[in-house]
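Encoded as structure tokens, the following chain is the form predicted alone, with no partner shown.
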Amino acid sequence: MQNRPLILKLLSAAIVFGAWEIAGRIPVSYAFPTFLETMEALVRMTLDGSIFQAYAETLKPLVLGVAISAFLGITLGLWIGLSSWFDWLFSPIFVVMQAAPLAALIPILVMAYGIGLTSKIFVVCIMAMPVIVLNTSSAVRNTPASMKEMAHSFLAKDRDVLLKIILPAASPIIFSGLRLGISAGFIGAILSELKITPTGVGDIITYSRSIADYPSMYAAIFSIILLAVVFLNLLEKLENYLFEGNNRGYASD
């Protein structure tokens, strides 16, 4: 049944939002609004344009940080996957970056680069790049050796092996790493606005919390989640379209 994934997603959303509404009506906390109150606040911010003004600020470090992370991450990942020396030198750095509490580095970035756009871009990069680098290097490293040996047996040059064997075979996993990196980039963008300077959506969250306008605070948080889910689903569909023969399936299916 082709519509089953969509039906299950809608059912899952209905269960979550219904539980949210019930928890807000009990209430579990005075600071926990109902789902309907949150949606009312989101509609109000949408109609007065404040949510769009906020995202105009939030998307600047997100887009720039993700673009830099994608370019550098895929490039470094290719080098690490192709060279055992690069693997030995750089892989531990990105493994530590992925495991470390990177929020602790934010004060250091502020001291080095101030409280402007540069620091926020760095936060997005340190959140997104490790995932992209490690997925890319793993994909390149695990390219079937038989395919590379076959290419060399036909006197293929190293460049041809990279462009015609390794990259096509590794592309699905590289794209998956890019999708996960963008997801981490969303977290980094909001984290930077909460920890460095309250601008964009982070400003709405901080200000709404300070005046106890909890519906607006939760509406801003919900809008972030909604935007991330929509964008990642579009990337997933693009990935399935580009690599249909390598479709591995997703938990959401």
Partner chain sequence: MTVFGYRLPAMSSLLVWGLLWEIIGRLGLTFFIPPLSEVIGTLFEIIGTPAFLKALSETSYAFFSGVTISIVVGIPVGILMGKSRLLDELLLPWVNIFLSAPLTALVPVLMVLFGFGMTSIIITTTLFAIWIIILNARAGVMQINRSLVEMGRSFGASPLDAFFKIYLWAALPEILGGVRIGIIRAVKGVIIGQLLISIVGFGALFELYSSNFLMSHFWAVLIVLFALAFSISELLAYLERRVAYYAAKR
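Positions refer to the first chain, counted from 1. Bear in mind that the values here come from a model prediction, so they are computed numbers and not experimental data.
Only in words, not in the display: the form predicted together with the partner chain, which the text now covers.
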Answer yes if any heavy atom of Ile225 is within 4.5 Å of a heavy atom of the partner chain in the predicted bound form; otherwise answer no. yes
Touches the partner chain in the predicted bound form: Ile187 (any heavy atom, 4.5 Å): yes
In the predicted bound form, does Leu191 have a heavy atom within 4.5 Å of the partner chain? yes
Please run the contact check for Ala54 against the partner chain in the predicted bound form: heavy atoms, 4.5 angstroms, yes or no? no
Stretch 67-85: residues contacting the partner chain in the predicted bound form, 4.5 Å heavy atom cut-off: Ser84, Trp85
